[in-house]
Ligand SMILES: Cc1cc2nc3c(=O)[nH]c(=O)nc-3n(C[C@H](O)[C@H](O)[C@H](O)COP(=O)(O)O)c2cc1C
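The data below hold one chain only, encoded as structure tokens and taken in the form predicted alone.
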């Protein structure tokens, strides 16, 4: 049975521990196709993605950030959303929306995912963003907001039960 959109949204969690099961290329492609439909500033769809499954590269990606990137070392796949900053000023917003689509699509396909923030974060040698550019041979003028780690969850996650905090007309 397919999940409804509210089930996908409520069930999505940051997954930081994964099984050793591999994600099929078809599912990875479906997740990337969903992200292609993310809204972008001025409708330019400027996002590009680097997908890596190589274990050594995943471990080295995890080392690009001083703290908080551990899930990358144990993930099956990492997706690095990148964007040419020369093309528009709203690259951070576009990368955030596209990354959210990656996360929601992963949930739909039963894949665990975690947003690992990289922009303005310290790496082990330089800033995390610079270390990733060096590792993956990304041109200097590209921006990297985050990396999304993917894998099958090692344990089930419980859905949120939250009520929205809403103010009508005035605070």
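For clarity, every value in this text was computed on a predicted model and none was experimentally measured. Positions refer to the first chain, counted from 1.
Omitted from view is the form predicted together with the named molecule, to which the following refers.
Trainee: Do residue 117 and the named molecule come within 4.5 Å of each other in the predicted bound form, heavy atoms counted?
Mentor: Yes, residue 117 lies within 4.5 Å of the named molecule in the predicted bound form.
Trainee: Does any part of residue 68 reach within 4.5 Å of the named molecule in the predicted bound form? Heavy atoms only, please.
Mentor: It does: once the named molecule is placed as it appears in the predicted bound form, residue 68 has a heavy atom within 4.5 Å of it.
Trainee: Closest heavy atom of residue 160 to the named molecule in the predicted bound form, within 4.5 Å or not?
Mentor: Contact with the named molecule, yes.
Trainee: Check whether residue 14 has any heavy atom within 4.5 Å of a heavy atom of the named molecule in the predicted bound form, and answer yes or no.
Mentor: Close contact exists here: in the predicted bound form, residue 14 approaches the named molecule to within 4.5 Å, heavy atoms only.
Trainee: Counting only heavy atoms and a 4.5 Å cutoff, which of 107-115, 28-36, 52-60, 133-141 contacts the named molecule in the predicted bound form?
Mentor: Only one stretch passes the 4.5 Å heavy-atom test: 107-115.
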